[in-house]
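One chain comes next, on its own, written out as structure tokens in the form predicted on its own.
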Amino acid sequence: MKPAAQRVPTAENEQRERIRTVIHAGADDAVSVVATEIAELVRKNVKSGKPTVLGLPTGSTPVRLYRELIRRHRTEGLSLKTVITFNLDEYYGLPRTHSESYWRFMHEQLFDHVDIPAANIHVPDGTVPRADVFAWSQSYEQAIREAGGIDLQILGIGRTGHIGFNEPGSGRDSRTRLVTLDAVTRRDAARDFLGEANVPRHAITMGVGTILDARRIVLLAWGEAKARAIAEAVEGTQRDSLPASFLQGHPAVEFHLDRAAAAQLTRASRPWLVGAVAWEPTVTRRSVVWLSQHLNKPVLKLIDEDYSEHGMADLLTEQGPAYGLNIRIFNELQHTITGWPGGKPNADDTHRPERAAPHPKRVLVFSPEPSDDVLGMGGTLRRLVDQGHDVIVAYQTSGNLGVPDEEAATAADLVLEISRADNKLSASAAFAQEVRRQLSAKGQFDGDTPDIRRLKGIVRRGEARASLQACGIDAKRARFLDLPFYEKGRYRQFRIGDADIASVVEVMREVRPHQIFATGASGDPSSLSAVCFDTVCRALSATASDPWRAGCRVWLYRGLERHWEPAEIEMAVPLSPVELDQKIQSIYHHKSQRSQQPTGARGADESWQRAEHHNQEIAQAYDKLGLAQYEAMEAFQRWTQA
């Protein structure tokens, strides 16, 4: 294979990219293109009298592609009866009937809805006796060869850069085999399995070499969580520590990304390094901040030579000299900092992120699950309340899927202990007793019964109320929406309906907010935060003509994912050491979430410490740019619905 560096870019801004990469407005646009390619390939091969051999992935990324193929099968007559499929991987030790087995996933998401013959479907067998795994793996490779090889391999990518279950350390020539799953991979799957302890430690996967044998490879990726791995795979060097980077050596590979997943490619994050740019205000600010960070110099100390030596001479020609440009950007950054997230009353708000009037404001905070609110903006919640605003927090889902069985058992035992002390069995105690019985009868991989989920939801409600009170918010200001899509679904496979939108619309019309805070705008479309954000967007569309909308602003916050860089922030709320400690105390109340940390993963893996570090890192980034030094900061972006 030719080294990736020899790829000829098709455009100036792609010159650092060693893999052809197509950036789409959204995931639906990308899957439409890929579904068309699959349909055309199938029809072409049918005319030639040949089968089409597809390599297929699992996980949340391909779900939209499978839905689009099902739609085309049902409404456009796309037949897949000549298709032969080989799945990338399967958890080892799971029976096919398990809710998280990839065999079941593929049948639920695709095979049960199209006309691929059962004999043409191949999924790794996770129940093969350990002594037979090697021989079975060789037979899987042989089956691919006998089918004529894979025509088109569809891939997703993990946060560690894995493809299939080829974790960091997998070699270019690796073949189908049993692998040990990386800790990050298992942690990412913990919610699917109702706790990390339930996630299998091993899987059977096609190897990197097996994948590279495909005649054509298409990789799909959505959401900002994948952005770093994508950038390194596309622009970095080929190496075992990032298996996806080996795709650079394939002669017919293409990545299809949404904008969030492409955000760290040079053409998206630092376009002035790969071509001419229009120096719009956002690009200008981003470039100056980048230069300051790259040189480790405060903004006001940058000089003309710094710009000229780093590909930004045209910016100086257009907006220089450096002295004046530096002052302007410094002032823009300084104006994002405010101790008044709801606006400062009776003050000039010309350079403030939020309006002074009206005061007080009605503030509606949407939290996908209990705890997302305090993790992302616990300090700001307290500021808003202390400054007299009416704050209501709407918890969009119960969060019961995220409660370990041990926490539910503890809650049930507490109710039963109270009942024994009262020497009578109340209705609540009878319910707790039944849940305790169901928990005892539950197998390691069994799903929760409705009663167990109900109790787990009660646990999270109690934690949410205690957390709000720690923020100074009356627990009566909480709204628990318990959106149906969550109660009926499971992680990565949620689908919202009219009832979900109606519930969000109802709370909006009840509050008639001047400010809305929400999260999830840049997540994987199938992630809970992104699905919940979608309900907010649709509700905003449904209320577009309501009188209150003209005076409502929407602000985005983030949880424990990548925090915004200073150039991306439009409102930064400083936290003092005391305020940061108060935020941490509010996070502590979500005990069921803290207990999910894996053994030995205390310290930086605790949610409260990750939140603390994120907020401190934002403050440190501002400090390094030459602005005032704060203990910590929470950051926000203003969002305008397209």
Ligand code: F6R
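It should be emphasised that the depicted structure is a prediction, and the values quoted were computed from it without experimental measurement. The first residue of the shown sequence is 1; numbering continues from there.
The same protein has a further form, the form predicted in complex with the named molecule, not shown here; the description that follows concerns it.
*Asks:* Have a look at 29 to 37, 571 to 579, 42 to 50, 57 to 65 and name the one stretch with heavy atoms inside 4.5 Å of the named molecule in the predicted bound form.
*Replies:* Within 4.5 Å of the partner lies stretch 57 to 65.
*Asks:* Looking in the predicted bound form, any heavy atom of His256 within 4.5 Å of the named molecule?
*Replies:* It does not: once the named molecule is placed as it appears in the predicted bound form, His256 has no heavy atom within 4.5 Å of it.
*Asks:* Would Arg383 sit within 4.5 Å of the named molecule in the predicted bound form, counting heavy atoms only?
*Replies:* Close contact is absent here: in the predicted bound form, Arg383 is far from the named molecule, nothing within 4.5 Å, heavy atoms only.
*Asks:* Heavy atoms within 4.5 Å of the named molecule in the predicted bound form: does Gly164 have any?
*Replies:* So Gly164 counts as contacting the named molecule.
*Asks:* Does Val234 reach the named molecule in the predicted bound form if we count a contact as any heavy atom within 4.5 Å?
*Replies:* Residue-level check for Val234: no, no contact with the named molecule.
*Asks:* Of these, Leu88, Ala408, Val374, Cys532, which has a heavy atom no more than 4.5 Å from the named molecule in the predicted bound form?
*Replies:* Contact check passes for Leu88.
*Asks:* Of these, Pro566, Gly343, Pro513, Gly156, which has a heavy atom no more than 4.5 Å from the named molecule in the predicted bound form?
*Replies:* Contact check passes for Gly156.
*Asks:* Any residue of 478 to 505 with a heavy atom within 4.5 Å of the named molecule in the predicted bound form counts; write them all down in order.
*Replies:* Only a single residue, Arg492, comes within 4.5 Å of the partner.
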